[in-house]
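Shown here is one chain on its own, the form predicted alone, set out as structure tokens.
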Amino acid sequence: MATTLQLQQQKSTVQGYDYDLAIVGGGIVGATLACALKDSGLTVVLIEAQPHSEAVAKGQAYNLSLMSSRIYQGIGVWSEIEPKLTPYQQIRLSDADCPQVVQFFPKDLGLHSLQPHFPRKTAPALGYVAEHGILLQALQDFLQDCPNVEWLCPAKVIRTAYETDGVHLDLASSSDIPAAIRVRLVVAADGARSQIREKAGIGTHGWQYWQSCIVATISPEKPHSNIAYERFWPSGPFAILPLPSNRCRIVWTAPHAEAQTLAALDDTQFLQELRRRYGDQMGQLSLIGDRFVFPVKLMHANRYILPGLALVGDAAHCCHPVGGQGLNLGIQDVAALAEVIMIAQQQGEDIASLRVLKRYQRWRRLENLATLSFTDFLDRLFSNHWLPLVVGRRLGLRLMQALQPLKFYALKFMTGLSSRLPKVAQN
């Protein structure tokens, strides 16, 4: 990461600007964008309201798709991340208590041809489970060696003025951080309640679901065998993701009232209810740490760009957690935006102009909309008791298990490999 002196020397090439680009939000998506721009020749500032230690301490865990892993490989940070993740080599889909199970394996995707950089001693994976702190810490460490990137942390943007020749940001921060900076382009990576998006007047559409998500970490008696489960119940999807040290992450979707009731149970009662959903295949279960409950919503920004502004990640879209696509969409956003910006910079174009930023919006908005729509469809298809739909979806699972082409295209979507491949992921 650059020192102030180094950046002042670089800024002399950016007449009248403190930085070329300001990323507001130093979480995983914002930090990934900064990493992707390491060789861009652009000066970048990351503005984060939380101290580094607090940002890393969050207890979330994420499904990391093969597309995301390829993006991180191309950026150059994968070798630091991969040893600390849990790969899963099998996915099992099922519908409530129906005995039919669809099993996905790497061979169903022809994975060896799609993962040229896979270590020879490591079995091919269909995806990975990443704990928030491990992933963000690896990105922060990587940025220490990026001379064109500076952190302003903790700092908060309190005013944004979009002018014809740049963007003026007023900051609230400690005394050693500037009170104001001027940049060419602002990227909002500040989450679903993005203040940058709202202050820019960009509206959103979507809805709150009738469901909330309960997340918890458990330790099963028997090995999880690096298998990811997604079981659909009429009340909502129920996912089990493998973690290191034979732990598992539970993502349990249920109607709001039921979710609140489950969250209020003591540990013994909660584990009893959990085992009814989880089954007996892994023996006795024990809880590790706290349980968390959050409402589920779908949100899509009416546009991703304005002159001098681009939205990425949850600032632009939120989807149902079924399939674990949320973070992966954000990682794909930043790979696309970084590519668009770097090509424009090389060609002498204004990186903050609508002409340039529309290329990013055209690339990502329809792809994200397709994922938001499909996750919504899955949740509505399986979260009901209507007999014709029950019969139809179970027939669909049987066909998917029997027909290899259906498995292949389902896996392409789940792994992100059906999307347009950014150049950083083509190495």
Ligand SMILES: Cc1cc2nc3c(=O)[nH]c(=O)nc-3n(C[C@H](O)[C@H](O)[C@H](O)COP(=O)(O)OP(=O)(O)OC[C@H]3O[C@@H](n4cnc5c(N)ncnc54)[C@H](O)[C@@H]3O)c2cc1C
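Numbers for residues come from their place in the sequence shown, where the first is 1. In this text the structure is predicted, and so the values were computed from the model without any measurement.
As for the form predicted in complex with the ligand, it is not shown, yet the points below apply to it.
- Note on the interface: of 35-43, 366-374, 396-404, 50-58, the segment with non-hydrogen atoms within 4.5 angstroms of the ligand in the predicted bound form is 50-58.
- Though the partner is left out of this view, M414 does not reach within 4.5 Å of the ligand in the predicted bound form, counting heavy atoms only.
- In the predicted bound form, the ligand lies within 4.5 Å of some heavy atom of G313.
- Although the partner is absent here, V187 is not a contact residue: none of its heavy atoms lies within 4.5 angstroms of the ligand in the predicted bound form.
- A22 falls outside the set of residues with a heavy atom inside 4.5 Å of the ligand in the predicted bound form.
- This chain is drawn without the ligand; in the predicted bound form, the residue among P242, G326, G74, P106 with a heavy atom within 4.5 Å of it is G326.
- This chain is displayed alone, yet in the predicted bound form one of V215, L85, L93, M282 has a heavy atom within 4.5 Å of the ligand; that residue is V215.
- Taking the ligand as it sits in the predicted bound form, the stretch 63-94 comes within 4.5 angstroms of it through a non-hydrogen atom at just one residue, N63.
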